[in-house]
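First, one chain by itself in structure tokens, the form predicted alone.
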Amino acid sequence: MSARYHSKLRIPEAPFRPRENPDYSFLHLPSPEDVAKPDCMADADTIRQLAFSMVRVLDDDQNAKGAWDPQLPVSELLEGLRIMTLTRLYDDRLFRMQRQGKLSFYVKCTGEEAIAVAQAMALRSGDMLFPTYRQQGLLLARGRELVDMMCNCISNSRDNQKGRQLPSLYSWKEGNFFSVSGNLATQFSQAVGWAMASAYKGEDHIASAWVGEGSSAEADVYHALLFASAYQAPVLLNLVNNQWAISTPQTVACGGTTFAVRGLGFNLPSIRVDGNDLLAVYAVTRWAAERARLGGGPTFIELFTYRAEGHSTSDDPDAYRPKDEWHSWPLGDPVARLKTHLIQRQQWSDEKQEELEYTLTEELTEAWGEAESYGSLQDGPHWPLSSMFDDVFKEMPAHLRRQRHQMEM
């Protein structure tokens, strides 16, 4: 008698739900010394293992080890710690302001600060950034004024986007920071197109784009991977796997393996990296950027991290995951890890960290006061309605000039 078989539908589940005790011992986390660092021009097929493993530099005791250690000078590590700390304090300030009704919406990046800060440090100022709404650290690392970022969130008279974007959807032309898109994953294809144009013009500027693991299900991501592979565009395609797409766990979008593996189908060098380790993120980004500038084409990078707080101020994460789950995350807090690393090297201390946080908090308080001097969310002044006709065409067509004239009458 032959056995009978039938199909079975697999329902992806979160590893833990509210009121459960999170235990991530099932994750395989290689030591920093386990993962070799290949030549940046190595053939994609010969380094396939990097998509399944994980590049780390800081070990469990926060000591730098292994071939991927970028050997950054202490001054750069201290600056990275400063910017990560500023990013977290900035987020906390804007979150409180939103809860007080002083801005309508906000998105924090708590737990993911090392990603934006390390990658900005590893890239050049001429490289174009195509971020999501959770890479505000890129702006701070490139020197964007706090007041300008806050004015964008308030949508006041100094908002460089004239009130046309949600708070957190920044844009900064002078800093090569492309306008954040509320439509998920569009920036992946845009980055590839920009990089193709840069290569066509003979420039050595590269592009870097970010997308979340949930929105990696969008078709734009695969259009970008295909064009990047076919044209060998000098672009870094970063997938931030922070475990949650709003209330949906990463298991829904993953398919039972790493996200980095997806790049292999397009013959792209694909690397999985500890996203809570500033040194590891810097090293992988620098490796991929050097490859792109030398004509080696794109790299697909999965940044393995954890979203510590809600998806946005509109989200209650306690409804779908354990309240203290972040504290159980085995890769820890990126700010605390770098601080500990520097303390162990006798280059920092808890007292200096407290002084830094006090100084940065004072700067943020002063910046917020100045930002409100250009107008508040409730009382303005805001950009006039007639400004909606600006910035659409290089030369305004006659029918829009007539419409604006009618509105102003």
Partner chain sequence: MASMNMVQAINSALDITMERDQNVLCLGEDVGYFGGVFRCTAGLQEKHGQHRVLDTPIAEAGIVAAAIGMGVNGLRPVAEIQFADYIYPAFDQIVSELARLRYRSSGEFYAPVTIRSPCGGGIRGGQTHSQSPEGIFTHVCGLKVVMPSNPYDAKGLLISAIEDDDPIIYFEPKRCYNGPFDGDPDKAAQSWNGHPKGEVPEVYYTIPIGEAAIVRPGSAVTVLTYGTMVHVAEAAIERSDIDAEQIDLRTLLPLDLEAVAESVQKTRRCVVVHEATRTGGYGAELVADVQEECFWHLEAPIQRVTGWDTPYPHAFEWDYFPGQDRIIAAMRCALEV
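Here the structure is a predicted model, which is why all the values come from computation and not from measurement. Rigid core: the largest C-alpha set superposing within 1.5 Å between the two forms. Positions refer to the first chain, counted from 1.
Just so you know, the form predicted together with the partner chain exists too; it's not on screen, but the next bit is about it.
**Student:** For the interface check, one of 312 to 320, 76 to 84, 248 to 256, 218 to 226 should have non-hydrogen atoms within 4.5 Å of the partner chain in the model of the complex; which one?
**Tutor:** Of the stretches listed, the one contacting the partner is 218 to 226.
**Student:** Please state whether all three residues F95, A308 and H327 have a non-hydrogen atom within 4.5 angstroms of the partner chain in the model of the complex.
**Tutor:** Per the other structure, none of F95, A308 and H327 touch the partner chain.
**Student:** Which one, S171, S157, Q232, S104, lies within 4.5 Å of the partner chain in the model of the complex by heavy atoms?
**Tutor:** Selected option: S171.
**Student:** Would R10 count as touching the partner chain in the model of the complex under a 4.5 Å heavy atom rule?
**Tutor:** R10: no, not in contact with the partner chain in the model of the complex.
**Student:** Using a 4.5 Å heavy atom cut-off, state whether L89 contacts the partner chain in the model of the complex.
**Tutor:** So L89 does not count as contacting the partner chain.
**Student:** Examine G297 and determine whether its closest non-hydrogen atom to the partner chain in the model of the complex is within 4.5 angstroms.
**Tutor:** Judged by the heavy-atom cut-off of 4.5 Å, G297 is well away from the partner chain in the model of the complex.
**Student:** Using the partner position in the model of the complex, report whether H405 sits within 4.5 Å of the partner chain, counting heavy atoms only.
**Tutor:** Outside the cut-off, so no.
**Student:** So which residues in 264 to 288, when you check the partner chain in the model of the complex, have a heavy atom no farther than 4.5 Å from it?
**Tutor:** Read in sequence order, no residue approaches the partner chain (within 4.5 Å, in the model of the complex).
**Student:** Return yes or no for R10: a CA shift of at least 2 Å between the shown form and the other one, with the rigid core superposed?
**Tutor:** Moves: no, less than 2 Å.
**Student:** If the two forms are fitted on the core, does H399 show a Cα displacement reaching 2 angstroms between the shown form and the other one?
**Tutor:** Yes, the C-alpha moves 2 Å or more.
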